[in-house]
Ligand code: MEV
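Encoded as structure tokens, the following chain is the form predicted alone, with no partner shown.
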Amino acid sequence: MKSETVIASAPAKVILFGEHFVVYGKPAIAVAIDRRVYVKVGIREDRKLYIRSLSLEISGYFQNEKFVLESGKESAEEKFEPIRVVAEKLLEASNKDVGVTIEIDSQIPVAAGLGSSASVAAATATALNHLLNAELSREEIFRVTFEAEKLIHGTPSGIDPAIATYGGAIIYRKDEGFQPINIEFSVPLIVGDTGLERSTGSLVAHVKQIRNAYPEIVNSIFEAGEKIVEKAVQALKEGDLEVLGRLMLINHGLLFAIGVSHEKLDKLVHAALRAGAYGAKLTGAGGGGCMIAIAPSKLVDQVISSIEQAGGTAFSAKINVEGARIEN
């Protein structure tokens, strides 16, 4: 067993098309972006599972099925529970009777639709797999990450753990899993954050409620979402940014129609369009969190400035990056 510390990282994700519709068997397109979570792990002789989040400023440890808060908010135990599950699965797989220290340093906004929880789980699993010589395959890392996500989101689609583990760009369908998409050109992507945290679970429940009330109408919206994804895959393969932009706007309109947008999201979308973006839409669950835009390369800075003037924070992002990996 290695005695040194190990650092692993995993990427954030954005859903380009198909969020919410994917829960009902429709396809979605997601990509890894170059914001990452870094997790440092080490062995402890006291058998404690000690976890510290630098970005959330919370820390504490699990021992004998009890949680002891060291610093930060009382909600630390709830936030750390998925990480505990990951650590216990890796310890079980390695057959090691030790404690571990897990330190999380994230570049990804929390509860913003960028998959931060899956990134933490995938990076933790990857780091502990290496530290403990557990010899889990990448597919098994994905499964562990997916199990952790279920604790947070109830019935997650699987997109976030897939992107965090494997990286790249994928088309995902619930019944069929995911297939990689080969994107051979640069997509000038901008991410705008409203700063509003929201609950994926409550928004998924809201869509279910709307669908139960108006099944024929909402099912038609889901069908339209599927057609958007089909055309978007073709546009991605051909490098047609203008078509991608138009499809983004249509997708945003459908998401607005089922009640998962937000006044601030709409404001940032319009700000991006005013600055010359080809298109923009919310990404992830909605209700706050982030939006994305595609713009001509020469206008990226202008779009970022416009989003920030409208009250968001924004950054440009590279897509199609590597999944969970060891850093040292």
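Don't overthink the numbering: it's just position in the shown sequence, from 1. Just so you know, these numbers come straight off a predicted model, no measurement behind them.
Keep in mind that the form predicted in complex with the ligand is missing from the display, and what follows is about it.
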query	finding
In the predicted complex, the one of 218, 159, 189, 134 near the ligand [non-hydrogen atom within 4.5 angstroms]	159
76, 258, 171, 204 - the one with a heavy atom within 4.5 Å of the ligand in the predicted complex	204
4.5 Å heavy atom contact, residue 284 and the ligand in the predicted complex	yes
4.5 Å heavy atom contact, residue 15 to the ligand in the predicted complex	yes
4.5 Å heavy atom contact, residue 106 to the ligand in the predicted complex	no
Touches the ligand in the predicted complex: residue 317 (any heavy atom, 4.5 Å)	no
Heavy atom within 4.5 Å of the ligand in the predicted complex - qualifying residues of 13 to 38	13, 15, 19, 20, 22, 23
